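Shown here is one chain on its own, the form predicted alone, set out as structure tokens.
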């Protein structure tokens, strides 16, 4: 018997026959591994692996999408952002269909090159994501950016949304598989609150199926023992303290703020915005952008999907009017979105 089979066998032996358990994988890359490997079909019937809010494209507020579209229509502005963002739908369309002056980039350093090559235009970098993508944005601020480059920040904090999930009894989470990429920045110690305060077994795992299975087994061991801790089975990449230099840069350039999450709503202390010392780089202040009320997409349940309250297949739009080529909601856009992943893997 090989290692993978041994771990799966151990998982089956550890799940209590008289109890239903829910383990949430917070990261979209984890969901990709679980779905594409067929891992759910190998689990005991009373063990659910539920996807969480690990897709930054999915939770980016509609208001920010609309602002990005509006800015791209200004003659003096060039909007730059990541590829997935141009396809995210809003009540005003998408950047791809309704924007005018926009360009796709793959890293913040490209925004600098564009700004340097077009000094007579205002370049707005629509910067989104969790701690993993916030760190590179902080890095370009540290190295210095051209005077014509501004940041439209839509960054979110992973630990905060996870606390929201823990407190929601409707979800009923019995264990967390924490995101490996984010953990490389914030460190495995960032998740101690869940095991210490909420008695939730918590594991940092990588993206290979064997490592992810090992993390699930560790959670079940904690459930059986009734002793809860934060375990790191991805120690080759993630340190307890994380990337200290990246964390210092995040703290230097960004402050915690109250923000909206698409489909979820207003969550205090769950976002990052530029500190006052760097407000001259803030596109929101430069263009005096104000919050726009979000409107729900009829029939779309993306909010419940990212909260772990529903599966993509529960949505009446799924694989009907909503597909990766014609996304009705944000969860179908990104390769890290649960709906996009399920569309490609579950028949």
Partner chain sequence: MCVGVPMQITEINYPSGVAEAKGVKREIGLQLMPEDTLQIGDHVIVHVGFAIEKIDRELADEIWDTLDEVLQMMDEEEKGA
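Residue numbers count along the first chain shown, from 1. No experiment lies behind these values; they were computed from the predicted model shown.
What comes next is about the form predicted together with its partner chain, which is not displayed.
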item	value
Contact flag, residue 218 vs its partner chain in the model of the complex, heavy atom cut 4.5 Å	no
Distance check, residue 273 to its partner chain in the model of the complex, heavy atom within 4.5 Å	no
4.5 angstroms heavy atom contact with its partner chain in the model of the complex for residue 200	no
Contact test in the model of the complex: residue 284 vs its partner chain, heavy atoms, 4.5 Å	no
Which of 90 to 98, 72 to 80, 220 to 228, 105 to 113 lines the interface with its partner chain in the model of the complex (heavy atom within 4.5 Å)	105 to 113
Interface residue in the model of the complex among 149, 173, 161, 185, criterion: non-hydrogen atom within 4.5 angstroms of its partner chain	185
Heavy atom within 4.5 Å of its partner chain in the model of the complex - the one residue of 140, 264, 166, 259 that qualifies	140
Every residue of 30, 156 and 327 near its partner chain in the model of the complex, heavy atom within 4.5 Å	no
Residues in 119 to 136 close to its partner chain in the model of the complex, defined by a heavy atom within 4.5 Å, in order	128, 129, 132, 133, 135, 136
